[in-house]
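Next up: a single chain in structure tokens, the form predicted alone.
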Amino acid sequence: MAALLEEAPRFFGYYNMLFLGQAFAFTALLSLVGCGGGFVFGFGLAVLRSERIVRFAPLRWVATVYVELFRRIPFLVKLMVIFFAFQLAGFDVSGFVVAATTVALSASAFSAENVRAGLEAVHKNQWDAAEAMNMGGLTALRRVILPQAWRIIIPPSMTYSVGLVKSTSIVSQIGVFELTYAAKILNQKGFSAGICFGTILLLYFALCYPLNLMAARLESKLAPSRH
């Protein structure tokens, strides 16, 4: 502890804080783009899997295969596959694009399952009543089903998003500049692992905790009581 206290003034200097601030912003941007894009894509996949909306069975099967496949592949394996897939395809893209694509694909598969579970939790009589009022599938989804399903969709989706934000630390394996990669660089510059990764721990908490607060707020705002 005494060694850490002695090292702290040098570690928490202006340039190191600027360096960590850039890494924090990069991690936040990666999480926002990946999780946001993944949820939108996953919502579309969940809609495609609904028999009430999509009558064409092969399209539902394709969406189901995609979801089941990507939910069962470890994040690191997906990262490496996508990294080399871009190279084999001849696309010269940045590490950020590779990482954001991986996060989005992971988020889309799990979001699709969360949304599907939320939609199916609404009693089928609600769909029948909407159809009896001459509503189409998408109209019934928007006006009748989703207002009741948000309460079920939001908590697991936000919980997974927080876990995925922490999983972005794995993208440092391909040299993407984010918090964990920044900690490794500072550690290689001679700072102790305790102060480097201890600081990163606090920064990840600062990034993830507001997501939990936002989840509670969204659940309260978008999902009124069904009594």
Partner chain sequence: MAYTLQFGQVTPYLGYLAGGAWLALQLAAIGFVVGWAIGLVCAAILHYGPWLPRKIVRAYVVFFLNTPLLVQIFFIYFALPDWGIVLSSFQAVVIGMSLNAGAYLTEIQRAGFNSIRREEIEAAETLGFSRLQSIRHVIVPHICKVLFPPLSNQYIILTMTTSIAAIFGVEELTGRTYNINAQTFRALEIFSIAALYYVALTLVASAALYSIGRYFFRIKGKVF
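The term rigid core refers to the most C-alpha atoms you can superpose between the two forms while keeping them within 1.5 Å. Remember, it's a predicted structure, so these values are computed and weren't measured experimentally. Numbering follows the first chain given and starts at 1.
Beyond the structure shown, there is the form predicted together with the partner chain, which is absent from this document and is the topic of what follows.
Q.
Looking at heavy atoms inside 4.5 Å, which stretch does the partner chain contact in the predicted bound form, given the options 74-82, 133-141, 100-108, 148-156?
A. Selected range: 74-82.
Q | Partner proximity in the predicted bound form: Lys166 to the partner chain, non-hydrogen atom cutoff 4.5 Å | A | Close contact exists here: in the predicted bound form, Lys166 approaches the partner chain to within 4.5 Å, heavy atoms only.
Q. With the partner left out of view, is Ala57 within 4.5 angstroms of the partner chain in the predicted bound form by any non-hydrogen atom?
A. Ala57: no, not in contact with the partner chain in the predicted bound form.
Q.
Residue-level question: is Met214 within 4.5 Å of the partner chain in the predicted bound form, judged on heavy atoms?
A. Because no heavy atom of Met214 falls inside 4.5 Å of the partner chain in the predicted bound form, the answer is no.
**Q.** is_contact(Phe205, the partner chain) in the predicted bound form, heavy atom dist at most 4.5 Å
**A.** The answer is yes: Phe205 has a heavy atom within 4.5 Å of the partner chain.
Q) Is the partner chain in the predicted bound form near all of Glu68, Ile170 and Gly198, within 4.5 Å of a heavy atom of each? A) So, yes: the whole triplet contacts the partner chain.
Q) Does anything in 180-194 come within 4.5 Å of the partner chain in the predicted bound form by heavy atoms, and if so which residues, in order? A) Contacting residues: Thr180, Lys184, Ser192, Ala193, Gly194.
Q.
When the rigid core is used for the superposition, does Tyr15 move between this form and the one not shown (threshold: C-alpha shift of 2 Å or more)?
A. After core superposition, the displacement of the Tyr15 C-alpha between this form and the one not shown stays below 2 Å, so no.
Q) After the core is overlaid between this form and the one not shown, has the C-alpha of Leu213 moved by 2 angstroms or more? A) Yes, Leu213 moves 2 Å or more.
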